[in-house]
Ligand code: NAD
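Before any questions on how it binds or moves, here is one chain, the form predicted on its own, in structure tokens.
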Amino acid sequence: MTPADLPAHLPHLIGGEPVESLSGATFGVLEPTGNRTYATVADGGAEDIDRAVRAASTAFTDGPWPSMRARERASVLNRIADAVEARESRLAELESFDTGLPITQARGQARRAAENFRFFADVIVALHEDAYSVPGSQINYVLRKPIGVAGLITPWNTPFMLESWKLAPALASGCTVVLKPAELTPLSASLWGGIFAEAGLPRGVFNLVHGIGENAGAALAGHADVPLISFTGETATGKTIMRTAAEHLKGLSMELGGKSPAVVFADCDLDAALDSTLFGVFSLNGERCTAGSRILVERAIYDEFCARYAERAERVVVGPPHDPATEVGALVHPEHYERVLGYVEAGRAESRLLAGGTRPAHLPTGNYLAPTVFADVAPDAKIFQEEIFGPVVAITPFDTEAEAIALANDVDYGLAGYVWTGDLQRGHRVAGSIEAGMVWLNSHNIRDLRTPFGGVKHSGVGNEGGRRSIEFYTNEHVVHVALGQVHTPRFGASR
């Protein structure tokens, strides 16, 4: 279902003004239920990124935002949250249409976006700066200063929420920003300009350049006047950005791919584990970095778990994203859809298919895939090792705790992990042994915004979340003050 008043064209926003690419180039974007072009988008290149960076730099050096008191910036952030909440229905409608996410899950993303701004408004007001005293000699105090122009590159899976995740702390810190949203899902990003103007954000503090990652994204990552890049996306792209950013020694925060394990022991609450592991891989159409896409099950309950899991997966409602009954919608783009189908074919050759693996019969067009369950998946199988980013899960048995840990860690990624057991001592042992930035014990990934978010190995560099986000977007500037006479060796004074 096409939303009302859908824009036919999306320009950049630079210095507070909607502008076209200097080259005049555009590209078309598709909606995923029928793969028809619904709009054209300004196709940014290096010259457009440079315009945006110059606007952001001017706003940083000459504008009020970086030197504004924390309480004043927090007031703007709270007004931004108000404006986001006022647009909740519209945001959810656009996000669901653009990404293929079920409308009920898209609504949750809009609420989370508003929460991000309120949270960082509170953080920046409560933030303290350290002071150290050497009695009778010195006092040392730390000033925290915004770094400058922040380059933000965001993914297509939950675009508006993940844009807010970066925008909120960057703005709270006093930085100005250039946002390069994902080219596959540009629609909701186009609303930020109106939201920020309504909230009173000074012109030029926020700048938006659409474009293909290899062009606009690469130009932002390589721009000499952008001292830091926050990127969320696939690992291969992250490696490219790191190589580009190295030329200018940029600060980097990289949240990359995942292939997260869910370890299910025989003594767990099996009903709860089934609910969580089904939700963990099939919510957001499986297009989530923290998806528990490898389920490791103790052999004593393996057959029962597989049978019950497959039976539930077969009953997951696949349908149009705008239908409130839909639990899995359409994958974002036909190229991604074909990629996921390639993994399904690999799984058929490597493992035992228990459910799904095909297009639902009642959905003859669009990027739809029935929730797909493979069992008896070997650790060296492609679907065990590689991130699929779709509604596809691999189930593998284990016999001992040590084997479960070894299987959990036997991939290049290390973003998240999940452990299900009735033995909390074992739960803590296993949770602490999984090579991941985050592990949930007897829970799916409910996250307090104060906690760090990030991965290890090929899943990322650095952490954001809470004060760590503020630390990323600011520099610590230390002032040392003498309290008395300072003894200094008098070089050259003997002549």
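When you see a residue number, it is the position in the sequence shown, counting from 1. Model, not experiment: these values are computed from the prediction.
We do not show the form predicted together with ligand NAD, though everything after this point is about it.
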Using a 4.5 Å cut on heavy atoms, which of 217, 174, 159, 371 is close to ligand NAD in the model of the complex?
217
Going by heavy atom distances of 4.5 angstroms or less, which of 321, 280, 258, 417 would be at the interface with ligand NAD in the model of the complex?
258
Flag residue 237 as yes or no: does it have a non-hydrogen atom within 4.5 angstroms of any non-hydrogen atom of ligand NAD in the model of the complex?
yes
So in the model of the complex, does any heavy atom of residue 204 sit within 4.5 Å of ligand NAD?
no
Proximity of residue 453 to ligand NAD in the model of the complex, heavy atoms at 4.5 Å
yes
Can you tell me whether residue 155 touches ligand NAD? I mean in the model of the complex, with a 4.5 angstroms heavy atom cut-off.
yes
For the three residues 182, 212 and 241, verify that every one has a non-hydrogen atom within 4.5 Å of ligand NAD in the model of the complex; reply yes or no.
yes
Just to confirm the contact call: exactly one of 113-121, 402-410, 349-357, 182-190 touches ligand NAD in the model of the complex at a 4.5 Å heavy atom cutoff, so which is it?
182-190
Ligand NAD in the model of the complex - contacting residues of 279-294, heavy atom within 4.5 Å:
289
